[in-house]
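Before any questions on binding or motion, here is one chain by itself as structure tokens, the form predicted alone.
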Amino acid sequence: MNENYQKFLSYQERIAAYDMAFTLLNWDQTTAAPRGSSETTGHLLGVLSGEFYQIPTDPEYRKIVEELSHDETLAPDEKELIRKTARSQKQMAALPADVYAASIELGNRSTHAWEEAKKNNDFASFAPFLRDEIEMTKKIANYQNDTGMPIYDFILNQNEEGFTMEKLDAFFGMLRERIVPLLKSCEAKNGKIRTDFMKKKYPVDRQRTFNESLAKHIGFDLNRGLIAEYMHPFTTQLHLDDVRITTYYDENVFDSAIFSTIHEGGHAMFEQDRDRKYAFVPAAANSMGIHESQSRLNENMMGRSLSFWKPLYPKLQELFPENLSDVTLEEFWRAINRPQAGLIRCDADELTYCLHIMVRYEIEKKIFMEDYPVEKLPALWNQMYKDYLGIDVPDDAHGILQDVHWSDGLFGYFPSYALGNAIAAQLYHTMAKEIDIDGELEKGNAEAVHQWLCEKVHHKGGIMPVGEILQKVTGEDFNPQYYVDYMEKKFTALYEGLE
């Protein structure tokens, strides 16, 4: 192996070790640590991050990456990894160590402030932390942005390389033109779909039993992963042999845990399936949209399909006979797909989901392009929910405080959720040409979908750029037309026979 490249991988392994430590500490803070530990742990995380900072900014490491940037003997995926690293390295070097450490410490404190604020429906207590996160994001961008991009374009590009406000405005405009009228048409017919069984109580212990079997069914390897509980479901990975997901159980909303498990399982399988050649390369997809496409494809296109539930629904009926014994498979399928504008993004149906993202996108544009006052954000949020989804927000806990992302400085991240839906539809369209998806799912073989994704996307998906993945797998660039066509076809079929 190229000696310089071997030295590069040694640095990557050291970075991965710190990354694992940070991830484990953050997991512990989220799921198990005593609530009073956050301030001290946050401070020590800041100290640890200062130590970590020395590795990616090491002059010798930078020299190695610089030399490898011009090495034509590297394989294409190795060249892409070097390009990514050089980009990250340049940005890290532009950021003073004390600012980096302060951002880590702030994120820890802000997340716990958000948890308390959400629990107490108290935006005012969180507002100072949100203001600090916004200012920290601006400060970091000012150090790193040498592109001449407007600040929000730069922030977007950090999460989804190649996507700008111009491109996203066009994408969301397309969704408004086609999806909003479709939603109105569906809601007018919703009374014909049976939903009484969705409102009954489903004991949490039996939900846990089903969800564990469901995670195994879709391909999540529980020998190399686990399922915990948290109020905001998420996926995290220490490395490809330790990938963890969380879900949230509510005895009155039983399908929430089901689909969050499938969703987070999609993320987790992406990480578990990465090429072992890069086992010690810090886990990160080139495109968060690609990562999100795996969760949305599993959750919605596969997980909400009639064929997926044919072998699984009898098992669900056995666990909850008091609620489902008189509910047919078709009635269940219509109910879990029934579109209805609601307050909570994580619980949003497939048809309305991107409208939730549009609210956050528009607010972030105002924050960074117009310096919109933090104290006015709840009112702006509420008005946009009224304008886009036609609903009234009763309180901040169900409104602006519902998502954890801004408490950790994750601005510019939300649009990837919408892009993930479109990428998923494009991939699913191609998959359907190569395997009999419905036939395999009806046989209980969700592994066929998992293996196709593993081969086409997961194996090198954390290294290859999104455009290259789509070109290689589908033969074309990003094309949201497949998403809109899929939605119109699916939700037209959902109401067939109910007229």
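In case it trips you up, residue 1 is the first one in the sequence shown, and so on. All figures in this text were calculated on a predicted structure; none of them were measured in a lab.
Omitted here: the form predicted in complex with another copy of the chain. The next part is about that form.
Heavy atoms within 4.5 Å of another copy of the chain in the model of the complex are found in exactly one of 295 to 303, 219 to 227, 82 to 90, 371 to 379, that being 219 to 227. Contact check for D273, K310 and I437: none of the three has a heavy atom within 4.5 Å of another copy of the chain in the model of the complex. For E13, a non-hydrogen atom is located within 4.5 Å of another copy of the chain in the model of the complex, even though that partner is not displayed. Contact annotation for F280: at least one heavy atom lies within 4.5 Å of another copy of the chain in the model of the complex. Remark: M487 does not count among the residues lining another copy of the chain in the model of the complex, judged by a heavy atom distance of 4.5 Å or less. Though the partner is left out of this view, D408 does not reach within 4.5 Å of another copy of the chain in the model of the complex, counting heavy atoms only. Of the residues given (D169, D241, E212, E251), D241 alone sits with a heavy atom within 4.5 Å of another copy of the chain in the model of the complex.
Among the residues Y18, F491, Y482, F478, the one placing a heavy atom within 4.5 Å of another copy of the chain in the model of the complex is Y18. Using a 4.5 Å cut-off on any heavy atom, the residues of 38 to 67 that reach another copy of the chain in the model of the complex are, in sequence order, T40, T41, H43, L44, L45, V47, L48, E51, I55.
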